[in-house]
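Heads up, the chain below is alone and in the form predicted on its own; it's given as structure tokens.
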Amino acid sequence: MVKGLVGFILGGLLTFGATQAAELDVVATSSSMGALARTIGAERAQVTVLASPDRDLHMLQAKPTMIRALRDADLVVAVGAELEVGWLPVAIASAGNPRILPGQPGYFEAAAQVDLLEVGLPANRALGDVHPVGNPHVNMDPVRMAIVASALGERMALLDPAGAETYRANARSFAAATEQRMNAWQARLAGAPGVILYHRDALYLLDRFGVPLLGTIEEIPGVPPTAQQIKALSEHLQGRSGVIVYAPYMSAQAPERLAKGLGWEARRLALDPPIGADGGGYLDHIDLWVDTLSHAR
């Protein structure tokens, strides 16, 4: 445990606490999960994030730094739905910390708190990098994230009963700040022409606001596209308007080639906010996505 003084401002709502030792050592797998943990935990939680937003959570490997962070953790906050399945179970097992094993109060998955899209896809490797339990990228829907925040507040309250009201109040503040932005986001995205994604990772945001998904650069998830696939997609969308968005860890070659053929903009945009973001920073990151989608031409 370390000592710290943290204040946070979230959409004009201020939660302020006295100087005291952090009661919970929290490890988050992504910066979106870290943003929720910082906002809800406020001065009572020390938060470590394992992966920066320029890393693909599908493809990480367990590292000694991760294992050290997990060794003393009171709570792990993961995205879940098998997004981190290739490395997080190994890292947790290597940490030797029984408090954070799956099924224990110290293990929390965001995806387990909400309804998922694309549930029940065939578990067939020939179909690429699919998730039969559902699309895991729930962090791209601010409404689902507000639900996750409430559940996370309850989990923190269970682990640290003395801070229960703080955690619950902070979760309510995050939900209120999210609700405050919803109408403006909806208005800005009304009539948005649509987007081509590299991977189906922003599907939750598109579904929430009714923005058309015009296609994906990866025809098979996790398999790089061929020149013929890009040519066919370009021919199919000629005369349409839209924008192409791809994550920082994706190759720019195919998106830029497609953008040139269509006369569209190709935008590199992370799925998660900056690594040190709190809840307000998460909402600002969603605002960046809304701005990108609303200015498609």
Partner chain sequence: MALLTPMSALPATDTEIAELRTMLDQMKSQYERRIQDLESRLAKAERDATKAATRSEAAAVRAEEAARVASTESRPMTAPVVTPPASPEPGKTGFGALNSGNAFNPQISAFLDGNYYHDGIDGEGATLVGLAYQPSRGADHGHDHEEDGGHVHGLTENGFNFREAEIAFSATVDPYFDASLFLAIDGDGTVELEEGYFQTRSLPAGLRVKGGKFLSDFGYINRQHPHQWDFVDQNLPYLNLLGPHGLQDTGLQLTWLPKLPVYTLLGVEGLQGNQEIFGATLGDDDQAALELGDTDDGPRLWTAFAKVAPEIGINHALQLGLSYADNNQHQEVQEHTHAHDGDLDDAHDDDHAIEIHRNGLAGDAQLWGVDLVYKYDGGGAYGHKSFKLQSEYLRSIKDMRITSSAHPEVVGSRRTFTTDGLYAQAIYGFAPKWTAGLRYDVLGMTNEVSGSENASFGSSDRWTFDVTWNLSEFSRLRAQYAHNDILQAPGERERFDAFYLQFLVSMGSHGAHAF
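Owing to the predicted nature of the structure, the values given are computational and were not obtained by experimental measurement. Residue numbers count along the first chain shown, from 1.
What follows is about the form predicted together with the partner chain, which we do not show.
*Asks:* Name the residue from 166, 216, 113, 178 that puts a heavy atom within 4.5 Å of the partner chain in the predicted complex.
*Replies:* Looking at the other structure, the residue within range turns out to be 113.
*Asks:* When the contact criterion is heavy atoms within 4.5 Å, does residue 61 count as touching the partner chain in the predicted complex?
*Replies:* Residue-level check for residue 61: yes, a contact with the partner chain.
*Asks:* Counting only non-hydrogen atoms and a 4.5 angstroms cut-off, does residue 226 reach the partner chain in the predicted complex?
*Replies:* Residue 226: no, not in contact with the partner chain in the predicted complex.
*Asks:* Counting only non-hydrogen atoms and a 4.5 angstroms cut-off, does residue 207 reach the partner chain in the predicted complex?
*Replies:* No, residue 207 stays farther than 4.5 Å from the partner chain in the predicted complex.
*Asks:* Evaluate residue 152 for contact with the partner chain in the predicted complex, applying a 4.5 angstroms cut-off between non-hydrogen atoms, and reply yes or no.
*Replies:* Because no heavy atom of residue 152 falls inside 4.5 Å of the partner chain in the predicted complex, the answer is no.
*Asks:* Please determine whether each residue of 82, 109 and 251 possesses a non-hydrogen atom within 4.5 angstroms of the partner chain in the predicted complex.
*Replies:* Each of the three qualifies.
*Asks:* To test your reading of this chain, name the stretch in 187-195, 99-107, 169-177, 207-215 whose heavy atoms come within 4.5 Å of the partner chain in the predicted complex.
*Replies:* Looking at the other structure, the answer is 99-107.
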